[in-house]
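Next up: just one chain, as structure tokens, the form predicted alone.
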């Protein structure tokens, strides 16, 4: 049987298994074992355990549960509420100031958690009811939170960047830096659209004479400032060469837990149990997906499927931007059905040789790939953020939530186009702070 035929069978079976709703880790692991048995016999099973273990035998992976713990500690405390209230008091006079505040809170919370669902849930629980209470249209209230939550996987520290760095052996520090400016740019695009849409509708949430005093504005700062200091501290030790990503994540997690206890008086055992439970559950899920994806990748490589696909794309002899457009379309379609972690771990090793052969920067491509994953988070049928928001506002029709995300999806498409035209938006900061990478 030719590699092309084998590849078609593997692709079809993989889509069927994942679309049936099977857990990603168990689905990928089972597919890898079954196809190794079918095409290479029982002798191939000797490497299954070793390959799975090798996928997890990486010190960099220690940073994942640490960053997850940072998010759990912040998400289990009222920190999200305080971020939201602080920004609302400073931005309330802007048209759609409450929506702008929510998007800003999502961006700041993203820098604390690195998780899109956590960001969406934490800010959405406060923001959506408050926006609806003040009369904002439901599609704006829900769509903005869906979109703002996606910033959790783009603005560093990002678990998505860690997975991409591990899968492609790309510097995680460079990836984190590369996500800063595009993350701010995408946040700005979200805010600009919101300002325009609210202005177009002629909507005001506050009476013209309403004012927050300077005292009320500054009262909101003290509880938020320590967590922002943690962001600055983690970035400094990470990019200043003081510590590795794993060490920086460990210190950041410890400080977030300590601040959550000291500032919000989280002394009760149930509070600690919730942090540890959420950390363990999400970390085990991610690490199991990593191990299974490595095993799945080994199966693809041993059957020469990745090599055949890469060669077929190389033989197309198309313009490199046409190639990039096809890759973006492929990632976009994958994002409609498969979670970001699985896509990155399955496709990055296949796409990386193609990207390098076409002359694209792997760090830049990591940012573009992540924005594609963001689109999948607010687009059905997977659309995890959509269902989180639907759970927060169950009386809002699902189609209204989906229509509310469409303008923000278009903003993400625009961001990808801008990055393609001006790739230095992603590469300037890592090159400036860490030095340009010399190509051989």
Partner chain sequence: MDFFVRGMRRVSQLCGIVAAALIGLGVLVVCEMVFVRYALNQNTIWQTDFVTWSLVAATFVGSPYVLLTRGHVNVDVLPHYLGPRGRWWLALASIVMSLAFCLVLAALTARFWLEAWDSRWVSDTMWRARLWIPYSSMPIGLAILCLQYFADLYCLVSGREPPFGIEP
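Between two forms, the rigid core is defined as the largest C-alpha subset superposing within 1.5 Å. Every value quoted in this text rests on a predicted model; they were computed, and no experiment measured them. Residue numbers count along the first chain shown, from 1.
The same protein also exists as the form predicted together with its partner chain; that form is not shown, yet it is the one meant from here on.
Heavy atoms within 4.5 Å of its partner chain in the predicted bound form: which stretch among 189 to 197, 216 to 224, 247 to 255, 161 to 169? It is the stretch 247 to 255.
Heavy atom distance at most 4.5 Å to its partner chain in the predicted bound form, all of 85, 126 and 377: Not a single residue of the candidate spot has a heavy atom within 4.5 Å of its partner chain in the predicted bound form.
Counting only non-hydrogen atoms and a 4.5 angstroms cut-off, does residue 260 reach its partner chain in the predicted bound form? Close contact is absent here: in the predicted bound form, residue 260 is far from its partner chain, nothing within 4.5 Å, heavy atoms only.
Residue contact check: residue 281 to its partner chain in the predicted bound form, 4.5 Å heavy atom: Residue 281: yes, in contact with its partner chain in the predicted bound form.
In the predicted bound form, is there a heavy atom of its partner chain that lies within 4.5 Å of any heavy atom of residue 26, even though the partner is absent here? So residue 26 counts as contacting its partner chain.
Would you classify residue 402 as touching its partner chain in the predicted bound form, given a 4.5 Å non-hydrogen atom cut-off? Residue 402 lies outside the contact set for its partner chain.
Select from the listed residues 326, 287, 357, 231 the one whose heavy atoms reach within 4.5 Å of its partner chain in the predicted bound form. Exactly one residue meets the criterion: 287.
Answer with one of 406, 38, 414, 48: the residue that has a non-hydrogen atom within 4.5 Å of its partner chain in the predicted bound form. Checking each option against its partner chain in the predicted bound form, the one that comes within 4.5 Å is 48.
Core superposed first: is there a CA shift of 2 Å or greater at residue 398 between the shown form and the other one? Shift at residue 398: below 2 Å after core fit.
Is the shift of residue 372 between the shown form and the other one large enough to count as movement, that is, does its C-alpha move by 2 Å or more after the core is superposed? Comparing forms between the shown form and the other one, the residue 372 CA shifts below 2 Å.
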